[in-house]
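A lone chain, given as C-alpha cells: the form predicted alone.
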C-alpha cells in the first residue's frame, strides 16, 4: 500500500491528558494504575482511571451526548491541538471529504448502567431522560466526534473487542484508497464501567496486583480507560505514516487466544506484506501483551515465529492498563512517540521474565533512532489487527 500520512494525533489515558504526559510517564517508568475505586465490588484489582472525567462537561449544544465515553473523546479532541488540525484539514479538502471511523467495545454503557439503577421499581421502565441514541449506542461516539469537529463525511463505529481502535485505521485506509474520502479521523474510546470489570472478574482474568505483562508470575490484566484520535490524510505532509496493516479472524475461542497463535501470525504477516517489508525492517514491536498467562504466551510464540529473537518488543499495558477497544489508538500513539523520540519503552513491573519466552522482550527503556514500529491488537473472538508505522519518506 502507499504510505498514508498521519498529520495529527492525541491521547488521553491514566498517564495523563496529551501525548506529552504519556511520554513523560513512559520515560519515568511511572504507572498510571491505582487500586480499583471505580467498582471495587466488581472484581477488585487495579485500574487505569483517567483523572478529571467526572468534572468535565460538554458544551451546551452537545450536552445530550454526555456519557463517560464521549467525555473521554472530548478530552482527546481538545488535546494536542487535534481539533485545530482537523479544522485546517477541513479547509483544505472540505468537511464532506473527511470521514470519522472510531472503535469502542462498550461505548457509553455507564449511562445505561446509571439508568438501569434508576428504573421504575414497578414497571422496570428506564428514566424518561435516558437518551440511548446519544450515549450508550455504539454510533454515539462517531456521531459526537463528527458533530464536534463540524465534519460531514461518512461516519461509523467498529466494535471488534480489543482490536476495535486498531481496526478503525484499516477501514479508514480502505475508504481513502477507494476515493470515498480524502482524510479520516480514526481512533476510539473505552471507559470504565461495572459490566466490564465484573465480566473480566467472572472470567478470572483480573490481576490482584498491577498487571505485569511478560512476567513469570503474571496473573491477569488491569482494566483501563482511554481515548485517542489520529488524522490520516491522503495528500498530507507529515514525518510519519501508516505503512501497512494486517488483519485476521481465527475464531478459535470466544475469549482465549489460539494456542498456536495462528491468527496473530497471520495478522503480522499480512501487515508486513502490505507494507512490502521483511521482518528485519521492523525496529520495535508494541505487543498486545495483556498480562494474562495465555495471551502473553501465545503472542510470544507468534512474534518468535516471524521475528525470532532479533526484534525488541514490549507491552505498555503495565503503564496504562488494558484500555480494551481503545488500546489500538493508545498504542498507535505510543508507536508514533517511539518513532519521533527514538525511544523504546520496556515492560513495567517485570521481576522475572517468563523463562518460556523466546522473543526479545525489553525490560528497560532504550533510546536509539528507529524507523518502523509494529503494533499489535488482538481481541476476543479471534479478531486480530497489526499496524505498521514508520517514516513517511
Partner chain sequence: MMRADIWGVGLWGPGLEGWAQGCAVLTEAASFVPCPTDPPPPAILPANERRRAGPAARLALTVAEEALAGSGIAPATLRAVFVSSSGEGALVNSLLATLAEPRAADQAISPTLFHNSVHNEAAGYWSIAHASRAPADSLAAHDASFANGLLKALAEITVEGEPVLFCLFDAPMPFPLSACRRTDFSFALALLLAPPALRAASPLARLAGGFVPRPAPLTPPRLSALAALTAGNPAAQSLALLEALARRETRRLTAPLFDGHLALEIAPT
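Owing to the predicted nature of the structure, the values given are computational and were not obtained by experimental measurement. Numbering follows the first chain given and starts at 1.
Keep in mind that the form predicted together with the partner chain is missing from the display, and what follows is about it.
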Tell me whether 124, 133 and 252, taken together, all sit within 4.5 Å of the partner chain in the predicted complex, counting heavy atoms only.
yes
Give me the residue from 87, 180, 294, 217 that has a heavy atom within 4.5 Å of the partner chain in the predicted complex.
180
Could you spot which one of 308, 280, 198, 273 gets a heavy atom to within 4.5 Å of the partner chain in the predicted complex?
198
Given that the partner is absent here, does residue 210 sit within 4.5 Å of the partner chain in the predicted complex, heavy atoms only?
no
So in the predicted complex, is the partner chain close enough to residue 248 to count as touching (4.5 Å, heavy atoms)?
yes
Is there a heavy atom of residue 138 no more than 4.5 Å from a heavy atom of the partner chain in the predicted complex?
yes
Can residue 117 be called a contact residue for the partner chain in the predicted complex at 4.5 Å between heavy atoms?
yes
Among 235-243, 187-195, 68-76, 283-291, which stretch sits within 4.5 Å of the partner chain in the predicted complex, heavy atoms only?
187-195
If we check the partner chain in the predicted complex, which of the residues in 161-180 reach within 4.5 angstroms of it by a non-hydrogen atom?
161, 167, 171, 174, 175, 177, 178, 180
